[in-house]
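The chain that follows stands alone, in the form predicted on its own, written as structure tokens.
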Amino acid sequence: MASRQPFTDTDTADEAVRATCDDATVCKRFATSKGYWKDPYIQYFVRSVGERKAPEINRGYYARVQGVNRLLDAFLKKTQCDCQIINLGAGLDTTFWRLKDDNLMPRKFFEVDFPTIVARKIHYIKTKPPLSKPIIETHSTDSLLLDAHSLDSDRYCIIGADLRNISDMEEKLKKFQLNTDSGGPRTAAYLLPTLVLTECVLVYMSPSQSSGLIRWAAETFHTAMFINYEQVNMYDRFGQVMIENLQRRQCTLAGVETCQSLELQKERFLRSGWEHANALDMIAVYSMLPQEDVGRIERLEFLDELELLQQLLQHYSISWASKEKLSLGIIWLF
């Protein structure tokens, strides 16, 4: 009889990171229920709206979703959707379904996350027709490739893998027709522009692990963009309180040293093979969003703690980097 393996500190840390997937989904579910933005699909991943979230949390998620979507949609329009998207650490994200509704579908949309999270997401997709129907509608045959930790169709693929094991992740992605620049000479027309997306993912990896992932993306794709949303300015008192709150939940920010400043966020890409990089804190992003819609969401709930909202927005950022051998003219500004 096989002996049971001891439960390690790494297992505990990984479980705490996996729990952040549910935290984010619950917060998005509540914000959409209050009308901050529309997402008709998130209800199939979180049945109950749950307990009330503070207005500053809702506005923070609004800024996050709108900021990331603006960059994502700009890339799709610039490439005329002739591209591929890889959402690393995707969790229960609903972007694929939004893009289909908005007629902004890339050639293929990949998602990667821990196998346990992927298994849950596949279960929801299998059992909720509003989730499965859009996947089937974009698939050319009667059957999907489906097992416990992967689902593959013509336009959507979800894979269970550990992002810290790049070779294993890449092998699985290539198995499901990821288009890459590694594997011999190809014509430029065959190489798909690629967008890589990470939201509150790299910060849970060690700096060497996250830089390895960033460098892998730079070396693997001919023309590419990388969008990263995560913490910043984490070495002041407010940042330390954020770290301590997460530590009480056994959740360690292994990569927090790369989250000291916007400059460091940009440098991590430039040091890893990307040609251009930029970064904004979420106060700047919030100020650049369409002000008519910002005014609308600010009327949804009374905000008593404006200073707290400003502190939250100062401690999150969006950074983005690009490399473009096809000269698409990708200049990513809000």
Partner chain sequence: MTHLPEVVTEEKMAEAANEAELLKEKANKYFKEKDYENAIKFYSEALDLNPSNAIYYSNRSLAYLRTECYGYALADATKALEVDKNYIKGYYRRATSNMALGKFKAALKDYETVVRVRPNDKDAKMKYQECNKIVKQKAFERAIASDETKKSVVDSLDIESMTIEDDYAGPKLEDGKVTVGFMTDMMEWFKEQKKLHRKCAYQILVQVKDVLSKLPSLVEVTLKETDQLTICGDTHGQFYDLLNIFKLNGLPSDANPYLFNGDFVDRGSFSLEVILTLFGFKLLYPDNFHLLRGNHETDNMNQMYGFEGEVKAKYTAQMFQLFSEVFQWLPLAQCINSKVLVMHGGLFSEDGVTLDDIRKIDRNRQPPDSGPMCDLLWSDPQPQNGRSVSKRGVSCQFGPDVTERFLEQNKLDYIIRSHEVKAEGYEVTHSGKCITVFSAPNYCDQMGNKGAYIHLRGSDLKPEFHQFTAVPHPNVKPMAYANTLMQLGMM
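All of these numbers come straight from a predicted model, not from anything done at the bench. Residue numbers count along the first chain shown, from 1.
In what follows, reference is made to the form predicted together with its partner chain, a form of this protein that is not presented.
Proximity to its partner chain in the model of the complex holds for all of Lys34, Glu56 and Leu312, with the criterion being a heavy atom within 4.5 Å. Taking the partner from elsewhere, Gly273 is found to have every heavy atom lying beyond 4.5 Å of its partner chain in the model of the complex.
In the model of the complex, its partner chain lies within 4.5 Å of some heavy atom of Leu303. Although the partner is absent here, Arg268 lies well away from its partner chain in the model of the complex, with no heavy atom inside 4.5 Å. Proximity of Gln231 to its partner chain in the model of the complex: non-hydrogen atoms within 4.5 Å are present. Lys133 is the sole member of Lys126, His139, Lys133, Lys174 with a non-hydrogen atom lying within 4.5 angstroms of its partner chain in the model of the complex.
Residue Val241 is the only one of Leu145, Leu264, Ala119, Val241 with a heavy atom lying within 4.5 Å of its partner chain in the model of the complex. Residues of just one listed stretch (218-226, 205-213, 245-253, 156-164) have heavy atoms within 4.5 Å of its partner chain in the model of the complex: 245-253. Contacts of stretch 17-51 with its partner chain in the model of the complex, defined by any heavy atom lying within 4.5 Å, are made by Thr20, Cys21, Asp23, Ala24, Cys27, Arg29, Ser33, Lys34, Gly35, Trp37, Lys38, Asp39, Pro40, Gln43, Tyr44, Arg47, Val49, Glu51, listed in sequence order.
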